[in-house]
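First comes one chain, alone, set out as structure tokens in the form predicted on its own.
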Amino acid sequence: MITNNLESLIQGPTAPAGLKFHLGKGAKRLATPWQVAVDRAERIQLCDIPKGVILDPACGSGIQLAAYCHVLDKAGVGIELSNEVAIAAAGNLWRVGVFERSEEADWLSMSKIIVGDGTDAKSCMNLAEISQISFLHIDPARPANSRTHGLNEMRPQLPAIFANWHTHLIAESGSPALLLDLSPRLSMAQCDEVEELVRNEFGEIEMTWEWTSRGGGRVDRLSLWAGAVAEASVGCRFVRISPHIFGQSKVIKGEMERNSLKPLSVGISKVRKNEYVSIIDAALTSSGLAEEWLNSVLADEDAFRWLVCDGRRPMIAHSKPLQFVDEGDSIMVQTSGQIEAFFSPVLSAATVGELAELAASLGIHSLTLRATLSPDIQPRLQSTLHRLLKHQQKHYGGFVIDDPTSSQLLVCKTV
């Protein structure tokens, strides 16, 4: 029974219509979006994991566990310290198991949510009436409202989980299957610590680091896929979740190990008229795999250089348009355009009319301000531009952006 301490059923914003979840007070912010959970489960489905039960020893609201059970058609066991949260997880597992079905999914009757300590393997195995685990998913709790934290602040702690569950993990191919869902704010040194913990317990097993983004230029999740779920010869991977609920994610892969990723460097040459500039997804650049992707969407002979390689608007200059293969490529870019003119005056209420005249002379009927402006003035200038250009014959859209190589603004036609 779902208690009154839980929020009422909430429609998952990225779930199919009608699939609703029980969430404890304050859990909505922490719950894994259904689209992300399913996307991850579908990639686990491509891995060679043994038959058996999925274990999540810190399952929270159980949405990720439910997605694994649903996609892999495997029974799952979740462990949660909080009785209230465990009740929500059990309810969510049930709701997924009966969603759009005339009868319960086979895995549902064999799945369990246990209230207890996720490091107490012996007691939990007895309660769940299982003997071996085919796949271990770990998403330890982190300190609330903290931008940084140490590995020893995770609950349950990774060494305790590894030590207590290691002997129960099936390793048919020589390595167990485990996925560590970690904070995207971990430093490179902390990632090194995580790798060392894994190797100390499981030996020299294969590992793949994965950065996941839902857009907005931010990395939403950082995870380590190890053993049977690591992708052979892929040390790093970036996953951009589609903006459409049923859309296909875009995956960028790199053969290099995480600690061999090279920092980006900014070029010193000035931009030129008729060159192209593109603002790249900031999450992609922070993953270290931006150049892997750029090499796939630029012609072989088209060299590019970084104008800005950090912050919210990483930008490159290149001589030819980006060549997108699919929709996934297009969402890797915030905007892309060809430089048509330079604007020297400081942009203000007194000079915005000059900018509008310049745009009109270039056949640009709509101009988006992407330059660095005070939040107090930017909306007013954008509104003025819209008013001054709205009667222009429609030819091209455009944008204005800072020129990182000078004090001017770049006026670009969108491509």
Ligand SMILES: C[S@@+](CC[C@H](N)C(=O)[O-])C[C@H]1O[C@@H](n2cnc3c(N)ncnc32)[C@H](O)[C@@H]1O
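The numbering used is simple: start at 1 and walk along the sequence shown. Computed from a predicted structure; not experimentally measured.
Quick note: we don't show the form predicted together with the ligand, though the next part is all about it.
The single contact residue among L385, A58, C47, L369, judged by any heavy atom lying within 4.5 Å of the ligand in the predicted bound form, is A58. In terms of contact with the ligand in the predicted bound form, the residue from G267, P156, P321, G217 that brings a heavy atom within 4.5 Å is P156. Stretch 29 to 37 is the contacting one of 353 to 361, 386 to 394, 371 to 379, 29 to 37, since its residues have non-hydrogen atoms within 4.5 Å of the ligand in the predicted bound form. Within 4.5 Å of the ligand in the predicted bound form, a heavy atom is found for not a single one of P176, M207 and E231.
Among heavy atoms of I63, some come within 4.5 Å of the ligand in the predicted bound form. Contact annotation for G91: none of its heavy atoms lies within 4.5 Å of the ligand in the predicted bound form. Remark: P140 counts among the residues lining the ligand in the predicted bound form, judged by a heavy atom distance of 4.5 Å or less. The closest heavy atom approach of E291 to the ligand in the predicted bound form falls outside 4.5 Å.
Taking the ligand as positioned in the predicted bound form, the residues of 99 to 122 that bring a heavy atom within 4.5 Å of it are, in sequence order, G116, D117, G118.
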